[in-house]
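Let's start with one chain on its own, the form predicted alone, as structure tokens.
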Amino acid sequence: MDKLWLIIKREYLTRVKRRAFIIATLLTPLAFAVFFVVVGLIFQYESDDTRRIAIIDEGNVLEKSIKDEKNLYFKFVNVELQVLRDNFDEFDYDGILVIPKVKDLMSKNYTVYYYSDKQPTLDIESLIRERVREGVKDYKIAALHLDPVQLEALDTKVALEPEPIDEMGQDASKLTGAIAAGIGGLMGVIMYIVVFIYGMMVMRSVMEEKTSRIVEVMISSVRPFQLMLGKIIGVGAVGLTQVAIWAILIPTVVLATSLVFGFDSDTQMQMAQSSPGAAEINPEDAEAMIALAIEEFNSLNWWTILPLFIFYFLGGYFLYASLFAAVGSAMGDDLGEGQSLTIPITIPVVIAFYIMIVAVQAPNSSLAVWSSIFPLFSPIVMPARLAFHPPLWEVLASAIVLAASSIFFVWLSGRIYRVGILMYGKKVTLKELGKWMFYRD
């Protein structure tokens, strides 16, 4: 046990004290801040692309009701189209919009024509379509002698409010699914990133010690299994340290950046409302939705979710890190030779990531349930389901299977590691790895 602790301590301290680790740990939150500032400035950017458009309304469809927008000005003209096209350079227009007559009031298809030497940008094209659509709608309402008030009443906004059948059952709001999906997706993505980054870090560490022959000296003092396990725990502790620091620094830096540069939710809401075709948002409704979302977020059973997330974090890390360590012990200087060995490990991770996306949308489907129990998928899929309150038996079955599988894969990887770490000058295949499992000590 003392030797294992020394290996863990060595792996942890040597990596934490490295300049690259310190720089990466400190610069990553700054990178988030720079990204946050750049995105905020991009959304606050106001286009200076001004367009003046002449409108030829052949059927008096719009009735001159279309209004000017920011950097987009309309002017109804009583000039023939051909005259405007022949003398376009003499007029101070950037384009000509022709509104033909509405031949069939019952038709849902209607085409307008835009003449210009410059292709209209996507935002201008979207805005023109939206404004013409509104004008044609008003024209049809008047032509068909319909009551606009009654038609407006037909556009009913339907809200689905979940209610428990049992009055003593768990209450839920209309944001429960969205909040759970967001949290579940975030947990699944974190697990996906952790498995890849820190699993590959363990593999590279094993390869470095093997190629530099340092491992030969270390093997003379400790057993190969202790060396592999100490490396896995040490690198995992480095990862947890980095994640803990980021969990404190990134929100702090982002909050400080938002205060310094003045990025707030009201400004972003106004930008969202001003975008072409965007639905108008009632500020009072938005505040109520935010308050409801915060309340729903706080009402989640975090005393269960967080411990289980840490458990799946550790279980998934030990399972995949041990496999990466085994592969690293079999690889030499050429990384290309090890691609065939790492593919069987990465494929389950990628499949689990896509299953996680489906599980967030349908957390109680058969695919989500059985994938959250299967040990190669459960570290990514089950955390995505925790916010949806899966049945207790599913959580217990998944946790037991993952714990047993992690122990088994660590033991199995140790069997491979003890042979591969001292094997040089031989290209290893999956078949060869299978033989190493059954070598006697």
Partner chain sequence: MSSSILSLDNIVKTYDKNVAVDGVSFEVPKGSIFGLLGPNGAGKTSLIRIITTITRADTGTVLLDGEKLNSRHPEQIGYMPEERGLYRKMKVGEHLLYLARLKGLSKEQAKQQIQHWFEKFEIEDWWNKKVEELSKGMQQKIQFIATVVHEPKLLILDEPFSGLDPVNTNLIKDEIHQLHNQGVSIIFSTHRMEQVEEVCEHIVLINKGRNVLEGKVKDIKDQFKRNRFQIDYEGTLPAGLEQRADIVEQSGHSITIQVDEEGRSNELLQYLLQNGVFVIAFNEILPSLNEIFIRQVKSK
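Numbering follows the first chain given and starts at 1. All of these numbers come straight from a predicted model, not from anything done at the bench.
This next part talks about the form predicted in complex with the partner chain, which is not shown.
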Whether N71, R129 and E134 jointly form a contact site for the partner chain in the predicted complex is the question; each needs a heavy atom within 4.5 Å. no
Tell me, please, which stretch of 207-215, 111-119, 139-147, 97-105 lies within 4.5 angstroms of the partner chain in the predicted complex when heavy atoms are compared? 207-215
Any chance S220 has a heavy atom within 4.5 Å of the partner chain in the predicted complex? yes
Please run the contact check for V16 against the partner chain in the predicted complex: heavy atoms, 4.5 angstroms, yes or no? no
L6 within 4.5 Å of the partner chain in the predicted complex, heavy atoms: yes
